[in-house]
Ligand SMILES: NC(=O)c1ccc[n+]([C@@H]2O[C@H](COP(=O)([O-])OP(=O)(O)OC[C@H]3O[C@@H](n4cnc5c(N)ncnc54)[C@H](OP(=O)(O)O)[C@@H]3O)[C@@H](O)[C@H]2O)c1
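Okay, so here's just one chain, in structure tokens, the form predicted on its own.
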């Protein structure tokens, strides 16, 4: 499915670089069809050696691109948009924004252009091709939405959602990585307390968590259905689960996700 298009990734941090590598690995883009930008270009020297175009000139990168990915922090966005405004072309360019809490309309307003914008919210598991990426738009064509879904499918699983749910997606999928990591860390600490060496406990907890997730994904099962298979009457699993619930395990997770969503929605507005 190799394309002739050129893609510019503005702000080549962890997410931007992982996307670039995923697209090349999947054979959709060759490195020379991708331009990576960063203020400190020296940090991209290894990518330049692999054939990627690297530059600190965002407007120049946009000029030669068909697809432009905005992969920066919300606080940096307006400055970047002002920088690329002279190069942006509403008939030529498709913008993909991975910036938290910024609507498609916010981007068009700042650019002063009626340009097609698609928002994407991947998570850091993009680095290993296991991202859960949510995609939304208010004005892009079905063909462009399909294109962006296929781009992010190279680095995990992607789904289209309504734009008003993008902030919620940030909390559940992007921030969510940290929540699940913390729960695995806690499980490994419990394992150490009951006798395992720390490195063994961590590996055992992580693989157990991976197995639990795959049970749901591969069997299309419900968590409680799988929990019922592990909990026998008067058994040790139900005793442990109930102790965790008495200490607020589920409600803490729910409240944490809610607070993250509230914070994500305010990141751009409070710059």
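Numbering follows the first chain given and starts at 1. Please read these numbers as outputs of a predicted model, since none were measured by experiment.
Below, we turn to the form predicted in complex with the named molecule, even though it does not appear here.
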Looking at the partner-bound form in the predicted complex, is residue 74 within 4.5 Å of the named molecule by any heavy atom? yes
Heavy atoms within 4.5 Å of the named molecule in the predicted complex: does residue 35 have any? no
Quick check on residue 40: any heavy atom within 4.5 Å of the named molecule in the predicted complex? yes
Is there a heavy atom of residue 20 lying 4.5 Å or less from a heavy atom of the named molecule in the predicted complex? no
Exactly one listed stretch (140 to 148, 186 to 194, 156 to 164, 96 to 104) reaches within 4.5 angstroms of the named molecule in the predicted complex by non-hydrogen atoms, and it is 96 to 104
Partner-free chain; cross-checking the named molecule in the predicted complex, the single residue of 87, 80, 127, 113 with a heavy atom within 4.5 Å is 80
With the partner left out here, which residues of 105 to 143 have a non-hydrogen atom within 4.5 Å of the named molecule in the predicted complex? 121, 122, 123, 124
